[in-house]
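Given as structure tokens, the chain that follows is alone and in the form predicted alone.
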């Protein structure tokens, strides 16, 4: 088999994305207003409450990376004075803007009517929106979202963010859209979010089976797409995750491994937990380095960047503003390092992993800070070997296929040697 199976959920997601980008391209003609925001802590249900369309710049950057376009965009941004050390998502976005703001599907993206920053744990987001504000001269709403320094969200923290949503953000969205806030409509959207979140958790935790029916890193980035971006709270999202869950159940019953671009993984040799984002410019080549060795990622911190649903969080329709506040504070990169280590250790044990592999991304400080310490601590706690590779998000200059392949092969050999000694 030379291509991945196109199941019903994949086809549904493809249609959802096509309709979404069509709506964005048509927004100037239809009069729909547009809100630029980010994946961590995004307030999709609230944006939809006012009939507004979200645009997620880092999603555009990664999709352009998968299409091989970001190298030129990054070069253009650097010619305009942006440093090589700046987050490559930012430079890819700025380069795309300078080239006419044509989105990943080849259709134009509308200018923002509002810049909404609802998670401030990544300092780059602040600077990114400063740049976009200069380009577009549009209003900005920035919520101050506390960091989980002590590893918990306190009632005072929750109230602090919820009050900002009520007193600062909602009036701005009412002004932009010409609509009044509809709390009942928001509650219904949050019910749909929680239903989709239940099914997503089921899919991700299916990797506890042997063999795992999914790859929770490379395959996982497709599974989290609808819920982390523009579709959470929609009926489309509910139906997508329901279909995906049914398909995963079929794979579990048949004891099938994950589907890859080259077909199924027939023999699961290594069960890996990963930390850090993947490389997007060589995504398929990177994935093949794993499945060609029989390595399956059974849990990933990257698929939690838009929500730690597998640790119990659900959007709560009974406390709409408070649950949105919790979501803003609950993404993975808002956890302190001890909390991240505890989470990864739990994944290592729950998924019976053979080791932890870190992909350290050159231009992403939110993930990369402290990763070597995380690696050593996990090795000490679990006795399982750790591996460390380096690449970048969407800058093709920082993906060395030969170097990464050699490191991965050595790492898998180390796992094998540990097994034999055991």
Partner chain sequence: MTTDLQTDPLTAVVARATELYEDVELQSVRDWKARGEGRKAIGFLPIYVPREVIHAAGALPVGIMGGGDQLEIVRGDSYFQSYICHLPRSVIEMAVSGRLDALDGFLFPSICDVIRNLSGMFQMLKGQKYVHYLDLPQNFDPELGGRFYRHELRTVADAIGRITGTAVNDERLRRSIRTYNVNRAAIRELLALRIEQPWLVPTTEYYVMLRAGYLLPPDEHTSLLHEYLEHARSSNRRPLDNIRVLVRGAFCEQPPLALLRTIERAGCYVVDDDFVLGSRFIPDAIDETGDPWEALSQAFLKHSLPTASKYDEANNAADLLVQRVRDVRADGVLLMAPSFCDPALLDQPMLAGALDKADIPFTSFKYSEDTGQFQVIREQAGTFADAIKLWGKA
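Positions refer to the first chain, counted from 1. Because the structure is a prediction, the values reported are computed rather than measured.
Form predicted in complex with its partner chain: not shown, discussed below.
Would you say all of 31, 95 and 99 touch its partner chain in the model of the complex, counting a heavy atom within 4.5 Å as a touch? Looking in the model of the complex, the three residues 31, 95 and 99 all stay beyond 4.5 Å of its partner chain (heavy atoms).
Answer with one of 263, 108, 171, 338: the residue that has a non-hydrogen atom within 4.5 Å of its partner chain in the model of the complex. None of the others qualify; the residue that does is 338.
Among 43, 35, 361, 353, which has at least one heavy atom within 4.5 Å of its partner chain in the model of the complex? Of 43, 35, 361, 353, the residue with a heavy atom within 4.5 Å of its partner chain in the model of the complex is 361.
Taking the shortest heavy atom distance, is residue 390 within 4.5 Å of its partner chain in the model of the complex? Residue 390 belongs to the contact set for its partner chain.
Considering non-hydrogen atoms and a 4.5 Å limit, does its partner chain approach residue 156 in the model of the complex? Judged by the heavy-atom cut-off of 4.5 Å, residue 156 is in contact with its partner chain in the model of the complex.
Is residue 82 close enough to touch its partner chain in the model of the complex, meaning at least one heavy atom pair within 4.5 Å? Yes, residue 82 sits close enough to its partner chain in the model of the complex that at least one of its heavy atoms falls within 4.5 Å.
With a cut-off of 4.5 Å between heavy atoms, is residue 184 one of the residues that contacts its partner chain in the model of the complex? It does not: once its partner chain is placed as it appears in the model of the complex, residue 184 has no heavy atom within 4.5 Å of it.
Can you check 214-222, 100-108, 132-140, 303-311 and let me know which stretch has heavy atoms within 4.5 Å of its partner chain in the model of the complex? Result for this chain: 132-140.
Which residues, if any, of 154-188 lie within 4.5 Å of its partner chain in the model of the complex when only heavy atoms count? Read in sequence order, the residues that approach its partner chain (within 4.5 Å, in the model of the complex) are 156, 157, 160, 163, 164, 167, 168.
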